[in-house]
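This document starts with one chain, in the form predicted alone, laid out as structure tokens.
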């Protein structure tokens, strides 16, 4: 991890000193353990605050549209680079002014798993590609890194950036055939009544803060459907029907576009596994469109954004 941080800082300083970019989008240490925050370095001195470790959660691609009039460098692992591809394809960002510092990634840590695994408040975390050491008053706990990875990172198959100008480390081995959709398949096997009860319980803590939407790089509409009042597409109450409508519509809006980065779940203050809903949509896309995975290259368009006259669409008839 320190090697990646050192290389990121070195590249960022050079880009800023040579006036090749106006800003570098990355992460810096937060004010509490386990929480790094987005950071916008605009000179070499500020670039010294950039970091890279297992607490660099959140999807930095969400911030690119704010700098469309600037020359921008961005730090991007596999999922973030895929979202950059998508934003380029959907003409939301100017790729001519973009420099991508690619970071081969071994996954982000799940802060909730770490907190649950120790007997007190965590004051310090150190890590490498194999282990995580959490320290606090009166304890020091060493854990296998794989046991405390974010759920999405644990099953990620695109750890290396798919688009980059320069790499901050050697490429890592991609995971082969990780277990995917285990929980979703279990829900599919339920009766309709059981599924309805499961989803009601899943979403019952939702406070309609829209943090999942705001964290998602795909949600860039000038006016979200939930904010419209004429016409009103979705009720604004805490009624379970309105809550379900919001999550279902947002999931369908991301169909064929979601990179499974997990930013939505990480942003949720209530710890709701919202990826179970959008993950079900992505599972259907993958199974019905020849294994398609969103934005692995600049050429392939998401299946729901193109029309083919010879598309048999057998799943539509079922």
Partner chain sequence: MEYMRLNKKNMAVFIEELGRTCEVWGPVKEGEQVKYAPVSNATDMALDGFKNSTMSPKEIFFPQSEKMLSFRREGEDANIYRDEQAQPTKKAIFGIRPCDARAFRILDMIFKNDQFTDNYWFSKRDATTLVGLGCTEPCSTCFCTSVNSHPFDEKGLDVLVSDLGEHYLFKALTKKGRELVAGISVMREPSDANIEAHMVLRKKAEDVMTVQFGTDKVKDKTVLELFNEDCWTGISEPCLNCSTCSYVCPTCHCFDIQDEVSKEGGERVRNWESCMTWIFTVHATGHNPRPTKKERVRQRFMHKFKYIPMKRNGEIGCVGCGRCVALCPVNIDIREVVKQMNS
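Residue numbers count along the first chain shown, from 1. Since we're looking at a predicted model, the values are computed, not measured.
As for the form predicted together with the partner chain, it is not shown, yet the points below apply to it.
Using a 4.5 Å cut-off to the partner chain in the predicted complex, not one of 220, 248 and 252 places a heavy atom inside that distance. The partner is absent here, but in the predicted complex a heavy atom of 238, alone among 238, 128, 142, 173, sits within 4.5 Å of the partner chain. With the partner removed from view, the residue among 195, 137, 185, 91 that has a non-hydrogen atom within 4.5 Å of the partner chain in the predicted complex turns out to be 137.
Only one listed stretch (199 to 207, 157 to 165, 176 to 184, 73 to 81) carries heavy atoms within 4.5 Å of the partner chain in the predicted complex, and that stretch is 199 to 207. Using a 4.5 Å cutoff between non-hydrogen atoms, residue 63 counts as a contact of the partner chain in the predicted complex. Taking non-hydrogen atoms only, residue 267 approaches the partner chain to within 4.5 angstroms in the predicted complex.
The shortest heavy atom separation between residue 30 and the partner chain in the predicted complex is within 4.5 Å. Proximity of residue 291 to the partner chain in the predicted complex: non-hydrogen atoms within 4.5 Å are absent; the residue sits far from the partner. Contacts to the partner chain in the predicted complex (heavy atom within 4.5 Å) from stretch 31 to 45: 31, 32, 35, 36, 37, 38, 40, 42.
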